[in-house]
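We begin with a single chain expressed as structure tokens, specifically the form predicted on its own.
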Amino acid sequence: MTQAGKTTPKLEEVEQGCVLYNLDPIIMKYHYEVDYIHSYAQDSPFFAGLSKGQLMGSKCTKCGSTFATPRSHCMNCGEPTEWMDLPLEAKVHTYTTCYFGGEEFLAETPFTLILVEWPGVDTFFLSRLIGVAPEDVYIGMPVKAKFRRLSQFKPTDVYFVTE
């Protein structure tokens, strides 16, 4: 189509679509993929540690507060922290059974998430408990950290099992 000698631009039509589940409201499924470049920045030592079978937290250089989930500065006084090794043995502080999960855990549902505690560490660490039926988990249960053999440099590289 032309107007005063100009061609009207058109979008290219492609034969790809989605699966339509419902019309009102519209609910559909379509494939989505993206490459994402991400930096762990100051948290890089934590993820490098996971790849070597090491669990690292942080400790305040001023007040001595300790954090199972590492942070660059203290939550209590704001001063910088330094890296510290966490023991691989711990206890379950609390837990929940998840019957729905994101793509990463879909094949594992139901799965158990635990808050891990260590003596002398001021915060907890969230992770999965593997190999224990949900009805057999209890507060105070001794657990041990295990690591993926082939690290993906993700928080899911560490998980816990019973000792």
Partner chain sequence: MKPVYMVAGGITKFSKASPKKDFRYMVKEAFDAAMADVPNLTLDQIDGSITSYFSDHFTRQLMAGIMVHDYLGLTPKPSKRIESGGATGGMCLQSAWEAIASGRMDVCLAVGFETMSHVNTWKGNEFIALASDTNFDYPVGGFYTGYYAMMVKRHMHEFGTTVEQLAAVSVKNHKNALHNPYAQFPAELTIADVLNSEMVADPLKRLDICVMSDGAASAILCSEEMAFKLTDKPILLSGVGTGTDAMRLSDRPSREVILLPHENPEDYKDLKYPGVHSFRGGRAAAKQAYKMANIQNPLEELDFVELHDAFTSSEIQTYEDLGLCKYGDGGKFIESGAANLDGKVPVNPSGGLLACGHPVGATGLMQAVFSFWQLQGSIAQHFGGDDTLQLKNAKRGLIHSHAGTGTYITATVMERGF
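Positions refer to the first chain, counted from 1. Throughout, rigid core stands for the largest set of C-alpha atoms superposing within 1.5 Å between the two forms. Remember, it's a predicted structure, so these values are computed and weren't measured experimentally.
Below: the form predicted in complex with its partner chain, not depicted.
- Under a 4.5 angstroms non-hydrogen atom cutoff, its partner chain in the predicted complex lacks Lys59 among its neighbouring residues.
- For Leu106, a non-hydrogen atom is located within 4.5 Å of its partner chain in the predicted complex, even though that partner is not displayed.
- In the predicted complex, its partner chain lies within 4.5 Å of some heavy atom of Thr94.
- Though the partner is left out of this view, Gly101 does reach within 4.5 Å of its partner chain in the predicted complex, counting heavy atoms only.
- Using a 4.5 angstroms heavy atom cutoff to its partner chain in the predicted complex, all of Phe47, Leu115 and Ile139 count as contacting.
- Taking a 4.5 Å heavy atom cutoff to its partner chain in the predicted complex, the contacting residues in 16-55 are Asp24, Pro25, Ile27, Tyr30, His38, Tyr40, Asp43, Phe46, Phe47.
- With a cut-off of 2 Å and the rigid core superposed, Ile27 has a Cα displacement that reaches or exceeds the cut-off between the shown form and the other one.
- Core-superposed comparison between the shown form and the other one: the CA of Tyr36 exceeds or equals a 2 Å shift.
- A movement of the C-alpha atom of Glu108 reaching 2 angstroms or beyond is seen between the shown form and the other one when the two forms are aligned on their rigid core.
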